[in-house]
Ligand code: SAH
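Below you will find one chain, with nothing else, as structure tokens; this is the form predicted on its own, and questions on how it binds or moves follow later.
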Amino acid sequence: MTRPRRFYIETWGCQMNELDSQRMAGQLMQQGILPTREVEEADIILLNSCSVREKAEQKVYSRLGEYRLLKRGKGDLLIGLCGCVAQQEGERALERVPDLDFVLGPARVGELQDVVARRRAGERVVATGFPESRQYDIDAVSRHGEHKGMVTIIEGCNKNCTFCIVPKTRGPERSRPMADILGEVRHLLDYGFQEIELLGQTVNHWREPGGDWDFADLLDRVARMPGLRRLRFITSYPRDFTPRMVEQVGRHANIAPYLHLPVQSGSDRVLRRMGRGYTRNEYLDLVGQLRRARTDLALSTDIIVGFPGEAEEDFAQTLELVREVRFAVVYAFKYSPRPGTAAPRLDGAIPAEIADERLQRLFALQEGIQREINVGLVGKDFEVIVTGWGKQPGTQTGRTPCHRVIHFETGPEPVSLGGTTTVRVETAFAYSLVGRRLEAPALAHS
């Protein structure tokens, strides 16, 4: 009996990369190629890469070197480099890795089947760039996250922040038509998903192509769809929020009280050097508007420390902003230069040891704030969507509407993944909650 062909996908980076991997998996499964968790079993290996973090290219080439070793015993194994580093490297990747079979950029994900066929016919393929016409088959997506259906609404970015490579790896902004978005959301709700997450590098800059609707109109239409229990969206750009968008966040109970709103720095001088297009006070004013609209709103953010020219006074202003806003979560990173961006040309490089020390001070401050906020949740009840099994026997994990991780005992009847149950918070830590289940679970999709 012939062994079924298998594929293995390793995914690095953001939610958009996660969805791209689901799209690629779906295309391969349509051809009868099955997923495997063991890379040694694979007939096709895809590395879906991210170029945002430090030394991204070195890490990619190192991993591709590991994959090359598998070809020694399996000559027909295909290895593909996908994602943002694929777009960035292009032909160079084929030159540097002789055993690499194809390179597939983020805007060409829908062409995977064709690219594989071309390689099987003998061509080493580079499919990069940003074509106007793109293939997107909502039926060819392997939606393996039982609790959440992700929907891309806008691709690319036009902001050109001086530290960010995304405009070069994902291209200019390109919004999908509202009808296509609503159709995909309806498809996911009919399938049984209760939570939908709208995706985009600048998700709140969505505009109807050739029309007048903006993200406020889209939020309103999606939130009103029957069967939608929880709606999220990521990543929002502070400068793109309008009063109408803020109003929608407060209007619909099923819009989750959680928002990721990257600030990057608390210093106006650093924000100008970053090219962010807003000031500290404008950011704080937006936070105030959002919290007046939604009093239970939990905010998370991104912060870069050690940006070129960041003085101790600038960093102190960032710490003060963190104290003032009291974020639920802070994702903080040391600045690392990315190829093709403007920031490496700025003066005032910060020594690594200073950036490290600042990062640790920021983490220490935020950990204390998070613990205080989470302790304030003890005794409160939350509707939890179950996302997995706990490390301890008889426990499960889930996400509250405010996107916090909560652990709880399953009781006599475990909750199916993607199902919902009510959990009362009994213990709080800086990074998670522990609670007690109060009611029988709602059914998840099959």
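Numbering starts at 1 and follows the sequence shown. What you are looking at is a predicted structure, and each value in this text was computed from that prediction instead of being measured.
What comes next is about the form predicted together with the named molecule, which is not displayed.
Heavy atoms of R338 reach within 4.5 Å of the named molecule in the predicted bound form, making it an interface residue. Interface residue remark: F327 is not counted as part of the site for the named molecule in the predicted bound form, having no heavy atom within 4.5 Å. Using a 4.5 angstroms threshold between heavy atoms, R53 counts as touching the named molecule in the predicted bound form. Using a 4.5 angstroms limit between non-hydrogen atoms, V116 is distant from the named molecule in the predicted bound form. For a residue to qualify, one of its non-hydrogen atoms must sit within 4.5 Å of the named molecule in the predicted bound form; none of L284, R294 and P401 qualifies. Considering the named molecule in the predicted bound form, the lone stretch of 106-114, 301-309, 285-293, 80-88 in range is 301-309 [heavy atom distance within 4.5 Å]. With the partner omitted here, the residue from P131, G183, P262, G277 that has a non-hydrogen atom within 4.5 angstroms of the named molecule in the predicted bound form is P262. Residue in contact with the named molecule in the predicted bound form (any heavy atom within 4.5 Å), chosen from Q194, T235, T152, Q317: T235. For the partner-free chain shown, F163, C164, V166 of 148-168 come within 4.5 angstroms of the named molecule in the predicted bound form, judged by any non-hydrogen atom.
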